[in-house]
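This document opens with one chain alone, in structure tokens, the form predicted alone.
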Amino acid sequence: MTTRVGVLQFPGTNCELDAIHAFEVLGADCELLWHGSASLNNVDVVIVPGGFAHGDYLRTGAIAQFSPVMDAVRVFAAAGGPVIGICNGFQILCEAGLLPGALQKNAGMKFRCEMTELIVASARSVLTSDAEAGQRLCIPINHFEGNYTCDAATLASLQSEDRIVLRYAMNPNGSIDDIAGICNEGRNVVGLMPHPERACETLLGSTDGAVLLRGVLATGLRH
């Protein structure tokens, strides 16, 4: 059986085709899901890709959270469906209340586009289920507002509940506790700033992203 991956598309999204290509390379069937649709068309996995949803007007992800498709995503997530938000997608999931905290401008107010080394902090999520805790992965970042922040109580919960799934080996943006990715309490919703879809083929310089995306596909089949 083939995992069906739905990739959301908002006005301003620009990484949807990258995500589709990466998942198809790994053997999935993919479908674009327009933000104005109220249906997810019975997909097994939902990807909220990077870009500038609605131009990032007002605040990154702030407008996208109100799109009709996000109601379907909330229902899907509540039922245990795998939802992955990448870069702008992470920002949208935070704005939509599916993940805690927020993403603010990078330390030094600089746009960062570079390969980064990540440390798998927890293998207990839909994204990291095919990885091992402590494993190091080389995956690129491409963002200006990737500095993850949250209050002290939220950070304590993320730490004690093993919900920090990825950390930067060398923090490029000022994120609290070197956080590169987190998950929800159900471990089926994950947000991360790095782009695993851009690290799935040798031609791109790294195949480490496939480690993460394979875990998502396997979880989608079991859901």
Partner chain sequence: MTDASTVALHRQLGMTDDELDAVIGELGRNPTHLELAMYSVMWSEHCSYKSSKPHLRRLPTEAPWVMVGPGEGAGVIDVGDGLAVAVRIESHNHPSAVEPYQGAATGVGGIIRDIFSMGARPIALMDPLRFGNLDDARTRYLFEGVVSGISGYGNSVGVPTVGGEAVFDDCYKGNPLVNVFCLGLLRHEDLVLAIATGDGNLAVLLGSATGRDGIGGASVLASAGFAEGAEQKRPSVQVGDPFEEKRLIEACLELYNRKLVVGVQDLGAAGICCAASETAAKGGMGMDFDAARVSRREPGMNPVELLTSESQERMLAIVEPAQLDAVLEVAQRWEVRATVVGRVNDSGRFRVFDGYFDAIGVPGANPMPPPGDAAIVCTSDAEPVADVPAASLGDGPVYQRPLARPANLDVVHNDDPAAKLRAQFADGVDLGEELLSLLTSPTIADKSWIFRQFDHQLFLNTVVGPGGDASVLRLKGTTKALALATDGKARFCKLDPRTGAQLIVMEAARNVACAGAVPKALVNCLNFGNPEHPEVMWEFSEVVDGMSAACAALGFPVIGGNVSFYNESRGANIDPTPTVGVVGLIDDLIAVPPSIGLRAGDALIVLGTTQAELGGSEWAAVTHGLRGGRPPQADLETAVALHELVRNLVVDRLLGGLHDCSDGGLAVTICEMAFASDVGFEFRGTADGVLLTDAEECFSESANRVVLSVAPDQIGTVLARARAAGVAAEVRATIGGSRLVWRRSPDDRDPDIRPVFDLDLATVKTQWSNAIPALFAQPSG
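Residue numbers count along the first chain shown, from 1. If you're wondering where the values come from, they're calculated on a predicted model, not measured in any experiment.
FYI, the form predicted in complex with the partner chain isn't displayed, but the following is about it.
Candidate site 18, 113 and 198: all three near the partner chain in the predicted bound form by heavy atom within 4.5 Å: Judged in the predicted bound form, 18, 113 and 198 all sit within 4.5 Å of the partner chain.
Counting only non-hydrogen atoms and a 4.5 angstroms cut-off, does residue 140 reach the partner chain in the predicted bound form? Flag for residue 140 set to yes.
Residue 14 near the partner chain in the predicted bound form, any heavy atom under 4.5 Å? Yes, residue 14 sits close enough to the partner chain in the predicted bound form that at least one of its heavy atoms falls within 4.5 Å.
4.5 angstroms heavy atom contact with the partner chain in the predicted bound form for residue 34: Result yes; residue 34 sits at the interface with the partner chain in the predicted bound form.
Mark residue 66 yes when one of its heavy atoms lies within 4.5 Å of a heavy atom of the partner chain in the predicted bound form, and no otherwise. So residue 66 does not count as contacting the partner chain.
Residues in which of 97-105, 77-85, 140-148, 125-133 have heavy atoms within 4.5 Å of the partner chain in the predicted bound form? Comparing against the partner chain in the predicted bound form, the contact stretch is 140-148.
In the predicted bound form, which residues of 40-56 put a heavy atom within 4.5 Å of the partner chain? 52, 54, 55, in sequence order.
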